[in-house]
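Listed next as structure tokens is one chain, alone, in the form predicted on its own.
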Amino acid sequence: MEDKILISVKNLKKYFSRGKDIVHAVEDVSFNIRRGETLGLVGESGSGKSTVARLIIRLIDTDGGNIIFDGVDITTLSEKALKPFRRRMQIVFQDPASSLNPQMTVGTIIKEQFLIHKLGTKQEQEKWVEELLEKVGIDPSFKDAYPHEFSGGQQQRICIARAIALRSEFIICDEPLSSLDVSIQAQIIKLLEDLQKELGLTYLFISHDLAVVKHLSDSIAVMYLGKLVEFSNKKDLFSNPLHPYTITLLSSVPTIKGEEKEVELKGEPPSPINPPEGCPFNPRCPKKEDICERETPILEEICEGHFVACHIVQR
């Protein structure tokens, strides 16, 4: 099954300095993403989701661990050695307006990918730009317009066109719907699904909207305070969540029957500057025991393909 894995993240770590303090942004995160599938990455704000995304795509360097892309460890590759891999993985950011250069036309924004990688003639580049705009639902005749002339949903479509311009295999979607109206969100979800089917794309989809994650994802990873606390296929995670934090998160997802009651999560997440001893969730966990305050649980496979980091569940 190893040949079906496109992305393998192993014991990823990242720390940031904030004055004299150290922020523990990502601690020993490991997971795999299979070709053509979508991994949903969920957790509260500040849990480290976006940092993981930027580490995987090498926008920032790791402080430990490995990133294996299609069998190649890209963790410490030089920019020159990394360039061929840049073509194969891209990212779509949360706010399309801030990720598009306001002084460039949308055609130039997309064409820039071809210029950087020295692909095609001028005529071919123009043709590719028009084809990409059409593929994401933008009239190619608007290629000479500027980003501010488009709606938020259209701007995100342009960002997606840029992300697939080099025929990338792996796309990170970092909260791509959060700045859009609900009606527009549905259109972007449909576009992402259609492109995945047509182009065989592999996604890492980061979101706080569990209903969307449930719809789009094949597998789901749950993060809390920089750590991975649960990982499973979508069906098992939603039907049988094991970690107390996951149970709390899923209780807030609306259901048709409306029978489930939301589990109240008391208190605020601890500071990543001064994380608690033992399990990171223990200060807020309604089921904690003495061991939870002393020892950090290891992510272990409880049943086939279902991993959880929890002392209580593992017993």
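Residue indices: 1-based, along the sequence shown. Everything numeric in this text was worked out from a predicted model, so none of it was measured.
The discussion below concerns the form predicted in complex with a small molecule, not included here.
Here the chain stands by itself, but in the predicted complex one stretch of 44-52, 30-38, 66-74, 283-291, 44-52, has heavy atoms within 4.5 Å of the small molecule. For residue 307, no non-hydrogen atom is located within 4.5 Å of the small molecule in the predicted complex, even though that partner is not displayed. Though the partner is left out of this view, residue 12 does not reach within 4.5 Å of the small molecule in the predicted complex, counting heavy atoms only. In the predicted complex, the small molecule sits within 4.5 Å of a heavy atom of residue 23.
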